[in-house]
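Read the single chain below, which is given as structure tokens and is the form predicted alone.
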């Protein structure tokens, strides 16, 4: 294999695929990037056997072929080379030379024949959605997914294609984030799939702000295809809980707040927090919101925000990090908080198809 490629192009391609590579793999080939140069382009592929990604990059192919190269080392070398055309050549022993001006590197790789196959983005049916819309849905929900390995079915984002809508949901049992968008697809194509958190992170990393994204559902697998990039992921097996049941059907009080003002106040309040089990109390009363944090052996903080509220006085305690997560990932100027009492879940909404259910903490 012999090819010429701009440093910036190769660097961008490696950035798009190298995050999939795990440092804990026991198979040496999984630490490598598969480089394939053939008639219709140059392809870079990586996999950890659960998530695979392949992207196409532009360059000049002098001799077709393929090899695998340790991706972290190749990326480090390319990053330090001057901005210019790189010449890359591999021999029959899978030793790859990288040349740029007076710089020369030889890297020992492994045979492309041993690299796991990457699923192809094809099939009779695919969902079609805008890349930016899908990435925003993942961004607004992914943070709520569980990291508890004993609750494996919650370790990702559930994608529900039903009733001409895509609903993305994530929960860890203490909070739930939900985003929706309207879509067109046949009724017979209704489906639910639980996408692992690693695949979600990779999609948020590689998806663009606009452009078509095709989603190919497969048995126990899903494939995403967009602009020369293919990402395939195994799905989480198991049944996702009925998330609709935990969304309160009604509330007694509703207050509208400036998102950035609330986020800033909570961020300051959290500075006094000693551990993840500490809570911040929010008291809604007579056009004021008081945010109080008291941590034994550390101290206390108090913030007061003027609000438009004339309902009953309610004091409710929340994990401040959980309260801040949706505020960080929304872009609207205002949010609303729906409340009933200090023991009932609160619901955060905005002027987009999104909601966030947060369970209160019991404190003295």
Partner chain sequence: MDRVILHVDMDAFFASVEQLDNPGLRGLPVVVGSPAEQRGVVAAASYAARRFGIHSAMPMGEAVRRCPGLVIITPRRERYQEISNAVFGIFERFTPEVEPLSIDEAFLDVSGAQALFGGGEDIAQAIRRMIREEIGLTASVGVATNKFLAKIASDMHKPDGLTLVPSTREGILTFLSPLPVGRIWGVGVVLQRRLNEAGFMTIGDLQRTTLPVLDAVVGRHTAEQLLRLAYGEDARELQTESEEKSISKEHTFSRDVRELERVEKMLLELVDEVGMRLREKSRYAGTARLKVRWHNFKTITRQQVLNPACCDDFTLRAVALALLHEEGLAGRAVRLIGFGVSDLQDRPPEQLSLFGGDDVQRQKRERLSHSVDQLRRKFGPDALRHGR
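Positions refer to the first chain, counted from 1. Small disclaimer: the values here were computed from a predicted structure and weren't measured.
Below, we turn to the form predicted in complex with its partner chain, even though it does not appear here.
Of the listed positions (241, 211, 82, 116), a single one reaches within 4.5 angstroms of its partner chain by any non-hydrogen atom in the model of the complex, namely 241. Residue-level contacts in the model of the complex: of 195, 291, 176, 179, one residue has a heavy atom within 4.5 Å of its partner chain, and it is 176. With the partner omitted here, the stretch from 60 to 68, 300 to 308, 46 to 54, 315 to 323 that lies within 4.5 Å of its partner chain by heavy atoms in the model of the complex is 315 to 323. Site residues 141, 327 and 355 are none of them in contact with its partner chain in the model of the complex, judged by any heavy atom within 4.5 Å. Although the partner is absent here, residue 279 lies within 4.5 Å of its partner chain in the model of the complex, judged by heavy atoms. For the chain shown alone, residue 5 is not a contact residue for its partner chain in the model of the complex, no non-hydrogen atom being within 4.5 angstroms. Although the partner is absent here, residue 246 lies within 4.5 Å of its partner chain in the model of the complex, judged by heavy atoms. Among heavy atoms of residue 233, none comes within 4.5 Å of its partner chain in the model of the complex. Looking at 338 to 363, the residues that come within 4.5 Å of its partner chain in the model of the complex, counting any heavy atom, are 343, 357, 359, 360, 361, 362, 363.
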